[in-house]
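One chain is shown next in C-alpha cells, namely the form predicted alone.
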Amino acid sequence: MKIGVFDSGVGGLTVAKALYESQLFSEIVYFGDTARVPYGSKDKNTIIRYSLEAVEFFKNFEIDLLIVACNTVSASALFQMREEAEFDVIGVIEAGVLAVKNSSAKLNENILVIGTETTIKSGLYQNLLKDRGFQSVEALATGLFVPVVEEGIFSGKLLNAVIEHYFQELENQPEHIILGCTHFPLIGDSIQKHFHNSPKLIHSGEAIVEHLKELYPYLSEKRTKIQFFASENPSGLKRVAESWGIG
C-alpha cells in the first residue's frame, strides 16, 4: 500500500514517523502546507479550500490511502476531501478516540482534549468520547503551542509559561490527555510533567497506526520509502524529518 500524509506544517511528521517506523507501507508521500501554517485559527471555508488543493496534489502520486494528520482538517474538511478524492481518506480524530477506548481509561476518569480552536469548537472529540460512555471530558483550545513548536521550542521557560497559562484553571486533574494536534507530541513530556499525577498521553501517530492495522488487517512488514514535499521551504522540512530519524 502506498499512502499519503497531509498536514498543515511540520507537526504531521510525528504521525509520519509512527507510520514509517511501523514498516507496513511500501511508500509514504508527505506533504506539509508550510506556507500557510497554522490552520487552527483560519475559518472553515479556507481550511476546506486548502485541503481540497492538497487532494489535487496527491492525485499525482497514485496513492491508495491518504492520512489526514492535521486534527483541524480532520474536524473541518474530511467529508469534502472524501468527495473529491480517488482514494480512501482517513482522519486522526476517530483513531484518537479509539485509542482512549482501547487504553486503560475507565469511563469515569477525567479526560482532557487539547487542540487548536477549530478542532475544539467542532466538538468531535468531545461528542465521540461521550458517545462511547466517557463521563468526564474537558476540552481546551491551546493554539499557542503550534507556533511555539514551529519555532523549535520543545522545553524551557517560555513553553512552561504557556503551559501554565492554559492549564491553571482546569476544573479537574486529567488522567488521560488527548494531544489533539500533531505538533503537541513534541512537547508531550513538558505537558505531562506539569501534572503531578503524570497523565497518560494519547498520540495521533501511535493511534492511527493501530487504527490502520484494524482497518487493513492484510498489511505486513516491508521496507518503506518516504518522500517529503512542502508548499514552502521543502528542504527545511526534510531537515526536520531527518533530525527525527525519518527516512
Ligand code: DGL
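None of the values given here were measured: they were computed from a predicted structure. The first residue of the sequence shown is number 1, and the count goes up from there.
Below: the form predicted together with D-glutamic acid, not depicted.
Shown alone here, P38 lies within 4.5 Å of D-glutamic acid in the model of the complex, counting heavy atoms only.
Under a 4.5 angstroms non-hydrogen atom cutoff, D-glutamic acid in the model of the complex has T182 among its neighbouring residues. Among residues of the shown chain, V146 is one whose heavy atoms approach D-glutamic acid to within 4.5 Å in the model of the complex. By the criterion of a heavy atom within 4.5 Å, T119 is counted among the residues contacting D-glutamic acid in the model of the complex.
Only one segment in the set 50 to 58, 65 to 73, 186 to 194, 214 to 222 has any non-hydrogen atom within 4.5 angstroms of D-glutamic acid in the model of the complex, and it is 65 to 73. Of the residues in 208 to 240, none comes within 4.5 Å of D-glutamic acid in the model of the complex through any heavy atom.
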